[in-house]
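Take a look at this single chain, the form predicted on its own, given in structure tokens.
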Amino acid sequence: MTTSSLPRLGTLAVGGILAVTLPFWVGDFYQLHLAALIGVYWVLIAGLNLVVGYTGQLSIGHVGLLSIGSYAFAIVVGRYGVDPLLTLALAGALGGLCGFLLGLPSLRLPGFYFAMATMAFALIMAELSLAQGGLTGGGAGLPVPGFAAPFDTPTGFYWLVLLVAALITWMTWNVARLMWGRGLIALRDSEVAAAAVGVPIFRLKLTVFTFSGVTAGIGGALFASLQSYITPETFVFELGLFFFVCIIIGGRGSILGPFVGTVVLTALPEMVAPLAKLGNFFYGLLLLAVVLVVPEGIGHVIKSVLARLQKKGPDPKGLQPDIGRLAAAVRRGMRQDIQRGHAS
């Protein structure tokens, strides 16, 4: 372990302790609900970050995959009585399958055409959830059962969300820091250059998008249980834009930045609660400020601050030149030049 990594590990340890002990010092259950909502959103955004932040694909329709996981959880647990934890895994598998089927044709589209395809998917899912009343409850929606003990209390559910979010974060961190992550960044910066060095472009895109579908399905199941009742209006298209903006504000190409963006944008309505009518104004103002002032995102600012707090490189005193040795070397060189001049 290097000395420069100690501050980062210390920050990570303090953050982990605060997250685990949050139910013991939080003010009320609503604040705990807000913390759980941040964790649920992060489960989805952590996977989406690999698509948007690392691969550079403009996916704005992940709310459709979120709704699939939510309705799957509500139907399978509520109507058929399947174990909620097993259904959580099934929702992730279903989200991954839908992500695979969506990405198979749409990932061949360039840039904004792919974004339009994901937007169309989100709108189609909203219409299907409204039209299939016998399955989804239509406009009336569906009640969503909770998890069994020990996750049947607000504190227990928060710890479940924290565990799932930590697992997803660990998985995305491993993808980002290893060869896959370097391949994703190369693909984002230049598909031609990435293909030239042997990066499997389409397979990499499809794999990452499928993984983001898995995280969206799991996040949807947790989201439905947290809400306890879901309707088609729960999964508005603006929610998909919210997920996308969290990554842009946090900063692409990192994990810490989008997480900070998720926390800030989820908690922002509570910070400006007395000015609720101006909520969209504050969202737009924050996005504009970040794009103009810190285009690299909030994560870049945090990394810069941490880098300044770390002692990098050797002590500057050790870099001072040895004047005596330098003068002796110059004198020897001059004598050798004089001797060669006499010899010639």
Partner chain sequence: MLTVLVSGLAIGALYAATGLAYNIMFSTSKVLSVTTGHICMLGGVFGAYFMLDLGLPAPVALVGAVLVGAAFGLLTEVIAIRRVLARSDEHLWLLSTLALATMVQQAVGLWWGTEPRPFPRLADQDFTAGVLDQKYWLPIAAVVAMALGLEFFYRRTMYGKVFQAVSEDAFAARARGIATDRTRALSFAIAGALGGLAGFAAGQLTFAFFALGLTLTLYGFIALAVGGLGSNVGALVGGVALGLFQTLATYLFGGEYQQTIAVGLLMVVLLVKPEGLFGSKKVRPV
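Numbering follows the first chain given and starts at 1. Since this is a predicted model, take the numbers as computed values, not measurements.
Keep in mind that the form predicted in complex with the partner chain is missing from the display, and what follows is about it.
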For the three residues Leu109, Ala131 and Gly284, which mark the spot I'm curious about, does each lie within 4.5 Å of the partner chain in the model of the complex through at least one heavy atom? yes
I need the one stretch from 211-219, 241-249, 197-205, 168-176 whose residues put non-hydrogen atoms within 4.5 angstroms of the partner chain in the model of the complex. 241-249
With the partner left out of view, is Glu233 within 4.5 angstroms of the partner chain in the model of the complex by any non-hydrogen atom? no
Is there a non-hydrogen atom of Gly81 within 4.5 angstroms of a non-hydrogen atom of the partner chain in the model of the complex? no
Is there a non-hydrogen atom of Gly27 within 4.5 angstroms of a non-hydrogen atom of the partner chain in the model of the complex? no
In the model of the complex, does Ala35 have a heavy atom within 4.5 Å of the partner chain? no
Which residue among Ala93, Ile185, Met116, Leu85 has a heavy atom within 4.5 angstroms of the partner chain in the model of the complex? Met116
For the stretch 55-87, I need every residue with any heavy atom inside 4.5 Å of the partner chain in the model of the complex, listed N to C. Gly56, Leu58, Ile60
